[in-house]
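One chain follows as C-alpha cells, the form predicted alone.
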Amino acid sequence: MATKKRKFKTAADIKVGVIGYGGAFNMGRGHLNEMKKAGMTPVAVAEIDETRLAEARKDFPGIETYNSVAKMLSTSNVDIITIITPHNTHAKLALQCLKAGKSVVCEKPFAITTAECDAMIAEAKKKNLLLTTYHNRHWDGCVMQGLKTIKSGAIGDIVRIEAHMGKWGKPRDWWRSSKTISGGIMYDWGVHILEYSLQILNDDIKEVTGFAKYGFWGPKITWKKDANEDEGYAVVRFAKGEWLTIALTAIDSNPKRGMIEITGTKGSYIMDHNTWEVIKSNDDGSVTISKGNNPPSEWWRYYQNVADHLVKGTKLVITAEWARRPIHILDLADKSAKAGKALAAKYK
C-alpha cells in the first residue's frame, strides 16, 4: 500500500540534499543555492571525493557530509535528494533513494532508457514520493518567446520542427564522450532541445526512426569503441501528422543556422539562445522578416514550483511522465539506428 505523500507547512520545512558535489560547473553548490532561494533548507551532501566534501562544508557551514549514498540515506532526515552524477547512474541512485523513502530530483537526462524511467516512476508511485527532473531550461527565454509567438498564430499551424546542434570538432576526453556513461551524443544537449520542441509540439509520439554514424572520432579519443556517435539523427512522427527531426553532430562542416526551426503553414520561426526570427511569405510573393532578442531565462521557477507543489499543492510542471518523453525518443532512436527500422512509441 502506498504511503501518504508528506505535506509541508512551509518551504523551510523541506530539507534538501544532493548526491554529487563535483567541481565541473559547481552544480552541487548551484542546486543547493537554488533550492535555498526557493525557501527550502539544505542539510546534506553525499560525495566520494573528500576534497569536494570540504568545499561543501565551506559553502554551507554546518551541512551534513557523507562519503556514500547509503550513509546519507541511513543517517540523514533529508526529504528531497537531487542527483548530480553521470547519466548512467541516475536510475540506480534514484531507485535507491526512492526505496529509502526520499523524494528525488534527477539532473537531466532523467535516465538513459525507457525501462529505467518506467522503473523509477513505478517506485515513486508505490511510495507516493515526488520524482522529477531538473528541466530548468523549460523556462529558457528562447522557448518562452517561441511559445508566445507561435501561440499567437504568427506562423500558422505547425508542420515540422527541425532541432539541431553541433559542428565539426573533436569531442573532449571526458565522461560525456563515452557512450556507456553518457548514453550517446544526443543525451546531453539533445535532451534540452527535445524538451523545448515537445513544449512547442505537444502531441502523442507515434514512432521514431534513428540514424547514427560511428568511427571517425572514436579512435582519436580516450573512449575508442565506447565513444559517442559522431552524429546522431532521429525523425519523430506524431499522432496528428506533424514530425520532428533532431540532429546532434561533431562532423558537420556546415552547421545549420539557429538551434530550432519551426515550419508552419504561414511562416517559419528560427530560435536560437539569444535571438528569434520570423520569416513569412506574403500573397504577393514578397517576404517579411522580423527579428528580436529573447527575454531573460527564469530558471528559478523550477525549484519554486517544486516547493509550491509540496507546500501549496500547486501543479507540478516537470512531472516524471513529462521527463520520460524525451528519453523515450532518444532510447527509440538508439534502438532504431541499430535495427535499421522505425520503432513504435510505447506508453503504459
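Please read these numbers as outputs of a predicted model, since none were measured by experiment. Start at 1 and count along the sequence shown; that's the residue number.
The same protein also exists as the form predicted together with a small molecule; that form is not shown, yet it is the one meant from here on.
- Message: When the contact criterion is heavy atoms within 4.5 Å, does Pro86 count as touching the small molecule in the predicted complex?
- Response: Looking in the predicted complex, residue contacts with the small molecule include Pro86, since a heavy atom lies within 4.5 Å.
- Task: Indicate whether Ala339 is a 4.5 Å heavy atom neighbour of the small molecule in the predicted complex.
- Result: No, no contact at 4.5 Å.
- Task: Using a 4.5 Å heavy atom cut-off, state whether Trp175 contacts the small molecule in the predicted complex.
- Result: Looking in the predicted complex, residue contacts with the small molecule include Trp175, since a heavy atom lies within 4.5 Å.
- Please run the contact check for Pro109 against the small molecule in the predicted complex: heavy atoms, 4.5 angstroms, yes or no? So Pro109 counts as contacting the small molecule.
- Query: At 4.5 angstroms, heavy atoms only, are Arg237, Ala239 and Pro326 all close to the small molecule in the predicted complex?
  - Reply: So, no: the whole triplet misses the small molecule.
- Would you point out which of 240-248, 254-262, 153-161, 188-196 contains residues with a non-hydrogen atom within 4.5 Å of the small molecule in the predicted complex? Correct option: 188-196.
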